[in-house]
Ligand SMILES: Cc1ncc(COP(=O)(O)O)c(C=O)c1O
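Quick setup: one chain, the form predicted alone, written in structure tokens, and binding and motion questions come after.
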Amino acid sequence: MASDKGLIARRLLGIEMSGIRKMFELAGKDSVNMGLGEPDFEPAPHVQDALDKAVRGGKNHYGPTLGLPELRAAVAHRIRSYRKEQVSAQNIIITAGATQALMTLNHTFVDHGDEVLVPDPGFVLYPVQARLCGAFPIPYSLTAENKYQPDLDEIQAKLSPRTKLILVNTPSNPTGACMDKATVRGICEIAEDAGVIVVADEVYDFLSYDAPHQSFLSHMDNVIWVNSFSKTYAMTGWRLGCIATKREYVSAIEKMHYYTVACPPTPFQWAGVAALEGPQDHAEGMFREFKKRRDRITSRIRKMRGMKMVKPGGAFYAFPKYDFDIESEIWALELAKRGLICSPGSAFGALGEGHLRFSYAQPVAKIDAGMDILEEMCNQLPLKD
């Protein structure tokens, strides 16, 4: 039988499955799973009803490549508070989740040999998607000492003639950090002066606990904004996302979007309309619960031996730094054996080493159970010299 060697595309060489998924697959039925970032809620009843109505009402066929006009208009209405100028449906593209949106943007704007600036630590997709398009991911630092905020001087220094995109994420996965207004403005000004595009992943924008969310959409000329229905409306498995940007970019993105998915799923888009235009009490209830959980896990971790933690301002992740002489992946595996699933910091980049990520998308009782396991191990591990 002929060997399969050489049949797999070279673009996949060196690409491995995410360390987050590895930990997720270790979860036993009795484990406290704080590894995967997914709300532990179901979509609101009126959103579920809208999907059922769409499916049963025959709205199951191909739709426009850019998305249903009704949903594009609803997204535009939602984000007008982020913009001084008018935002219309013509600025919006509906996608099959934020992941597909980000990959489509890489395919649209990144050529072989280009560079894409990505946060380190940052979401696992960012550097891999750049590599799959033949580009070089260039990391910029997010450190606990700087409260996981980007250093504008470092970003400026890392720009080159080959830089095409600066990828930003606020609130951040994995750190939970939220960028302030001055940082947002500074990154956009650096990008504008250099003639590069800012891709702003703001899928956790509604989970900004201590201050209003600062959106990169306030600088639309060189910004492409990406969002999702997954976190705000607990629609993770429905794979529905969106892009907002200026119309010149929309025209270019539309071509790649068509050849990627043809069109986003029609019945789920009608549910998206209901999510945006219907009552928001379900999402607001999730916000209040996540904030309570944020406060609980922060309080627990800060009291533990050898642990240091910057209080997350948004999203639903705790990203403590530790002073123990153990690699994060080894520690995460040991915790998994004891019944606590988390993500090793190394999964998010070189600067993630020395951290663990805990998703607090779990009830408070489970958070406490998980923190009991973590605290017990903290009391056993040797500290660094």
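These figures come from a predicted structure and were not determined experimentally. In this text, residue numbers run from 1 along the sequence as written.
The form predicted in complex with this ligand is left out here; the points below concern that form.
Proximity to this ligand in the predicted complex, defined as a heavy atom within 4.5 Å, singles out one entry of N222, S230, N91, Q269, which is S230. Exactly one listed residue, out of G37, P344, G349, P43, brings a non-hydrogen atom to within 4.5 Å of this ligand in the predicted complex: G37. The candidate stretches are 118-126, 207-215, 297-305, 258-266, and the one lying within 4.5 Å of this ligand in the predicted complex by heavy atoms is 118-126.
This ligand is not shown here, but in the predicted complex it comes within 4.5 Å of a heavy atom of N169. At a distance threshold of 4.5 angstroms between non-hydrogen atoms, I187 is out of contact with this ligand in the predicted complex. G176 falls outside the set of residues with a heavy atom inside 4.5 Å of this ligand in the predicted complex.
At a distance threshold of 4.5 angstroms between non-hydrogen atoms, V203 is in contact with this ligand in the predicted complex.
Judged against this ligand in the predicted complex with a 4.5 angstroms heavy atom cut-off, the residues T99, R239 and Y317 are in contact without exception.
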